[in-house]
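As structure tokens, one chain now follows by itself in the form predicted on its own.
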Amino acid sequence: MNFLANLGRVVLALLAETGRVTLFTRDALIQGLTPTIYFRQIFDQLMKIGYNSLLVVGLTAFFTGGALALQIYLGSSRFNAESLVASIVALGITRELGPVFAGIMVAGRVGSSIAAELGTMRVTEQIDALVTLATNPFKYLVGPRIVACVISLPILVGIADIIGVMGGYIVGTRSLGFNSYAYIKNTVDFLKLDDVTSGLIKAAVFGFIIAIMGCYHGFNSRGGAQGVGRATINAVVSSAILILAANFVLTSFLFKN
């Protein structure tokens, strides 16, 4: 009976948290994305979220593409199918690894930053001060971050796709002995527009998840510095889990045929 009671408490807590996140998302969409729109805040967040994340996303994509090329070559060589390396690297990067890895890296870098920033503003009563000054916190703080994340992630993923495929190309031609022209031709012939656009759609969804989780945990931070630390951890963990779950759902929907 104690086990069932504990299980029930966990389920109820999970449902309650899901309800709070849903209500926060509703308020963020209704209040944060309707006029008045703070364009200066959106631009500042675009620089913080998008431009400042280019290096980490680019490095991640490059080494992922290189490692993927090595692994596919080792596996395909057992069946004399080495010619498939370029095609599978391009497909894996654009459909799955580019959006997922970029989303997780941005969640670690940006989601934690959003939660820490808003959490500090909450515990120091700066958010309450905005309300006192007749400024809607959802419009001033949440809305610009959602817009910036949804815009930045597809751009970052598009760049990550190019760098990831380039990483596979460099490893394939320099280390594995592939002909440069043949490698590029196999990549171009096999890759379709739908493969790229599906990854960009995933990226936009992942950006929304990162922004919502970071803002939610930061907004609801309590308990001083320890509360801000918990909010930061929860924002990163919940974003990563939801990104992986959303990736499965989107993959099932986008490639059901």
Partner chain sequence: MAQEPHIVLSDVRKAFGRKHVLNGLDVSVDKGRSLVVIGGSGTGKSVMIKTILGIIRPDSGSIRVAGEEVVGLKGAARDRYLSRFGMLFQGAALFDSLPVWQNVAFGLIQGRKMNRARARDIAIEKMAQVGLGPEVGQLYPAELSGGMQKRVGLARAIAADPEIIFFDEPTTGLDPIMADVINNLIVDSVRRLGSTTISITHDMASARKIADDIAMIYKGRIIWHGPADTIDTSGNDYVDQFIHGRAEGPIQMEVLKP
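Positions refer to the first chain, counted from 1. All figures in this text were calculated on a predicted structure; none of them were measured in a lab.
Although not depicted, the form predicted together with the partner chain is the subject of the following passage.
Colleague: Since the chain is shown here on its own, which stretch among 95-103, 128-136, 161-169, 175-183 would lie within 4.5 Å of the partner chain in the predicted bound form, judged by heavy atoms?
Modeller: It is 128-136 that comes within 4.5 Å of the partner.
Colleague: With the partner chain left out of view, which of 190, 38, 51, 63 would have a heavy atom within 4.5 Å of it in the predicted bound form?
Modeller: When the partner chain is considered in the predicted bound form, the option within 4.5 Å is 38.
Colleague: What is the one choice in 83, 124, 71, 77 with a heavy atom within 4.5 Å of the partner chain in the predicted bound form?
Modeller: The option sitting close enough to the partner is 124.
Colleague: Check each residue of 236-255 against the partner chain in the predicted bound form and list those with a heavy atom within 4.5 Å, in sequence order.
Modeller: Not one residue comes within 4.5 Å of the partner.
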